[in-house]
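Given next, in structure tokens, is a single chain: the form predicted on its own.
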């Protein structure tokens, strides 16, 4: 993509359609503008090294930080509410992950979310194990009043979050299954769209996205649904693949509008996973090759990845 492209990409966008697919005569969809924005997001992260702060699962915090750095961004990790809130003034976006909870998270996380909401600060939520445990449920329910910009999770987590926020009826929900999904991505299409619409309604610029990880990933802005094939089954054999994807999504959110950020991060991980699997001898070497692939993938390789609409 040339730098003088007519497509306006980045956090300054106020009209989601500027980077969305366009309807062609005859009903076909042109993904070129969206692909241009994805490429620009990858390019901007590599050139601007944006800071995306994380309050994340301490079991996987190292991989989250390393993945953000490998993608081209800058990482900052903290568990102190005042520290997180103050640092948000200089971070492009933040990431909150509710895995491996500690008792003080019950008060700390809603406090942080309220501050982000008050300041119009963008952030990504990973609702790990949504639906399990009273404390985790109380935290996630509290986020409804101060919602994130992007939610990224597996199908069961997305369905559970949409249920506890009252966006779908309990009859549409499934049972929680810890950090693993018991639902396929197709089951989460409706809940993901409703969740994205709710997030967009709450956002200052009315832009938001939901990303659902699975055999074929799904990303939606509440209006359109994009499916992203690819990736590697070895992602499930290392601790923190999904957590680090959430952190990298925040890295892209620091430079791009939500739909572009969610798509770029998911596509980057799909391509990186494929490259890493081809070189790996097992989970240990897979993680090393994954980080190398995140570092080496080009904007063109990411943006030309397979995307299907609907």
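Residue numbers count along the first chain shown, from 1. The shown structure was predicted, so the numbers you read here are calculated from the model rather than taken from an experiment.
Missing here is the form predicted together with a further copy of the same chain; even so, the following discussion is about that form.
- This chain appears without its partner; in the predicted complex, the one residue of 223, 215, 80, 145 with a heavy atom within 4.5 Å of a further copy of the same chain is 80.
- Note that among 159-167, 189-197, 236-244, 118-126, the stretch whose heavy atoms approach a further copy of the same chain to within 4.5 Å in the predicted complex is 236-244.
- Within 4.5 Å of any heavy atom of a further copy of the same chain in the predicted complex lies no heavy atom of residue 254.
- Taking the partner from the other structure, a further copy of the same chain in the predicted complex has a heavy atom within 4.5 Å of a heavy atom of residue 69.
- Of the heavy atoms in residue 29, none are within 4.5 Å of a further copy of the same chain in the predicted complex.
- Using a 4.5 Å cutoff between non-hydrogen atoms, residue 298 does not count as a contact of a further copy of the same chain in the predicted complex.
- Residues of 46-61 placing a heavy atom within 4.5 Å of a further copy of the same chain in the predicted complex, in sequence order: 49, 58, 59, 60, 61.
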